[in-house]
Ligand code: NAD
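One chain comes next, on its own, written as structure tokens: the form predicted on its own.
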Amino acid sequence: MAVIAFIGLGNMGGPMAKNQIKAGHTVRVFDLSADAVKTLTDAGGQAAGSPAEAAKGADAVITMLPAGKHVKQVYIEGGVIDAVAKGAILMDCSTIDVPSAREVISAAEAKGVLMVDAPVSGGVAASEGGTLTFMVGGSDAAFAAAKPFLDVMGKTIVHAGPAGNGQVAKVCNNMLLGISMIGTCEAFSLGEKLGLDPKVLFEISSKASGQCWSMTSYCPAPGIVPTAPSNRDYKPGFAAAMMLKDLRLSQEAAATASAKTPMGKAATDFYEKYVEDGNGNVDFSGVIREL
């Protein structure tokens, strides 16, 4: 069993850290929230006073943080790269901008430490169930070192290519998700206003050319997919503010690559207005109520 430093114990990170404890690893945890730390120590984790303290001599580090600046603060400024054991593997599972991901991995490699960017898809339920999808960027050696730890937390582990490509895959995937959710909401709203029962539309479209994950797994119309947030007053799930964050990252990446993403831009504008109207903590499928 390994010694793991787990930094960032929010809605996603907390359950991921618990799964590492359940797998028998020694897990040292750090978060700015004392309550989040207590939840993990109650589950068998060990509290650390700083990221560097958590990482000291650790075999692996896993981070789940809000943004690129926080990832750089932890790994570079906070001394995590320097604190880990020789031969350690670092895994940043945050969703951040591509340049920051590549900068931190480059800093780790300069010190002879393996690291991957490994953002996740699947939401809180998948985090709790250990069924997340990981999109992993990094060298072949880093991916091989990371995979046993990622397997504890996920069902699908995909090597997306070199450093930063995990983040590329994540922003592309979530841009598509944001676009498709708005389209799904528009379709159900239009159908209902024209007198079509949402359950009938689902029965037809879920087996026809309109089929998509936003409909079949996360239907925004209540009473159709039992596990969807639409059946619990749109409590996240995946909050609209988090979708907006990912859409903004997609547009930053598009600008960097001189790529045209008009629908991605439209989805970003739509969610910006939705969040500005006070819906940041509502599930992103709740936009159906705006239509």
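This is a predicted model, so every value here is computed, not measured. Throughout, we count residues from 1 along the sequence that is shown.
Beyond the structure shown, there is the form predicted in complex with this ligand, which is absent from this document and is the topic of what follows.
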Of the candidate stretches 41-49, 28-36, 221-229, 254-262, the one with residues having heavy atoms within 4.5 Å of this ligand in the predicted bound form is 28-36
Can Gly286 be called a contact residue for this ligand in the predicted bound form at 4.5 Å between heavy atoms?
-> no
Look up in the predicted bound form whether Val124 has a non-hydrogen atom within 4.5 angstroms of this ligand, and give yes or no.
-> yes
So in the predicted bound form, does any heavy atom of Asn279 sit within 4.5 Å of this ligand?
-> no
Looking at the partner-bound form in the predicted bound form, is Ser94 within 4.5 Å of this ligand by any heavy atom?
-> yes
Residues within stretch 179-213 having a non-hydrogen atom within 4.5 Å of this ligand in the predicted bound form | none
